[in-house]
Ligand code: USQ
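Shown next as structure tokens: one chain only, the form predicted alone.
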Amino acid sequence: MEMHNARCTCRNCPAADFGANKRSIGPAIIACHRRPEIGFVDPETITFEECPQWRSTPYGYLLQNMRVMILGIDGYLGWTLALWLGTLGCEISGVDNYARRDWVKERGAHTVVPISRMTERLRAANEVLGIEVNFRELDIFNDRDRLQEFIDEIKPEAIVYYGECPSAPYSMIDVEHASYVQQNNVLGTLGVLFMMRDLVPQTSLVKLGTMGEYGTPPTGRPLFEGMFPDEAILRWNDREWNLGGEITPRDPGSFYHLSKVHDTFNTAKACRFWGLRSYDIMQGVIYGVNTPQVAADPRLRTRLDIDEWFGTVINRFVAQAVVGFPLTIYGSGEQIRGFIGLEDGMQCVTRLIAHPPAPAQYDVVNQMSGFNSIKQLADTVARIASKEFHIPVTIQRVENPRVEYDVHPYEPIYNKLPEQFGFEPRVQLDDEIYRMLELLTQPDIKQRIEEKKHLILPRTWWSGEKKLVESLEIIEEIKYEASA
């Protein structure tokens, strides 16, 4: 089967220098930073399949020793991706200011899966996996000059942007937290866009957004992949317009989600203004603890949070089950969200890195492998914990501190990754929940959950109230029954 990016050409390649056009009055030509011996060529003449600089991997052709910079490399996703790409032969660099560690500590919590200091992580990556990571401790917003120097030094061929605060509750605490999230996320991204314009305009930006940008339209309108499809028609007052290619409406559910919407427009306009190239990933809720790399050594583990600010729903439910804490469903539990396993998320990003957009192209993918209601997820965790680990589980409805629809239609469109980039999900929900239970029931990790389980119930309300949510009802108790 032909690889998804086999027919991409120099037009897509981050090593192509389109500045050569300034010296030509004829058709578009490029020079190659990696193969200067070929001189000036038509950007459509050489495909990735034909170019010796692109080599075959399970995720498509990938530039040999591709220089990938990860912004937010110490986080749940950033560290996992660094190890993943490093084993594929990429040259990894990255920055972080350890803010995620500080945000969780501010809540009085900790990652329930112990993680090492960055110095120990880097040493273990080299010893166990043979990966060298060029790391700098810096703040994307406040250390702009240092980041600019680092980008100029590395000249990355892809930049993966994971350097934002990812928590809706954190952004809703008060004006200080809301302002910080907006500044860190929106202005940090804006600064990076300007740096790319000035230093590495040919580099592909893979930017993490969220399915939460779209909200949950009560009309049931499909959640297209960022832009309306070509055949989308608006009819009004006896007239009609083709909406194809226009950015779809957004209905973000928090100040965090609003920051992501601002990013969407800033990134799309930067591509239009300056000819940058970017994928915007509208990611579903990610879950899990396993990739071959993070499981290779305890020092390589990535973090897993369960507190009310940073604990995403499946990760939190599994931890709650382990210590006998009722699985807490907000409101009705009929809210529907998209989900994707950690390893599948890494596969998707790799496929996007391997298939850069053309210059001036801004594109959006909805990154998920399926969708479920919160109640369905609680039932699944309870079933596996009870049947496979003999853990009795209670499911409990509590007040919903958020402002969201309890019951709503949900039709996400997520065709691009499988149809255009060859993505096939590998992580099955039941299997990953089982792996999580295997890890989280280890005595030392179970003890870490016990120590912080009092921080699971939310007390951060979108209304501004400061109180612990109250129980509405116990809706299910599941206990293991030995087979006859």
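Values in this document were obtained by computation on a predicted structure and should not be read as measured data. Throughout, we count residues from 1 along the sequence that is shown.
Only in words, not in the display: the form predicted together with the ligand, which the text now covers.
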{"query": "Contacting member of N97, T312, T394, T248, with respect to the ligand in the predicted complex [4.5 Å, heavy atom]", "finding": "T312"}
{"query": "Single option in S93, Q320, T350, T267 placed near the ligand in the predicted complex, where near means a heavy atom within 4.5 Å", "finding": "Q320"}
{"query": "Heavy atom of S369 within 4.5 Å of the ligand in the predicted complex", "finding": "no"}
{"query": "Heavy atom of T210 within 4.5 Å of the ligand in the predicted complex", "finding": "yes"}
{"query": "Partner contact for I374 in the predicted complex: the ligand, 4.5 angstroms, heavy atom", "finding": "yes"}
{"query": "In the predicted complex, A232 touching the ligand (heavy atom, 4.5 Å)", "finding": "no"}
{"query": "Segment assignment from 195-203, 172-180, 268-276, 211-219: heavy atom within 4.5 Å of the ligand in the predicted complex", "finding": "211-219"}
{"query": "The ligand in the predicted complex - contacting residues of 316-350, heavy atom within 4.5 Å", "finding": "R316, F317, Q320, T328, I329, Y330, Q335, R337"}
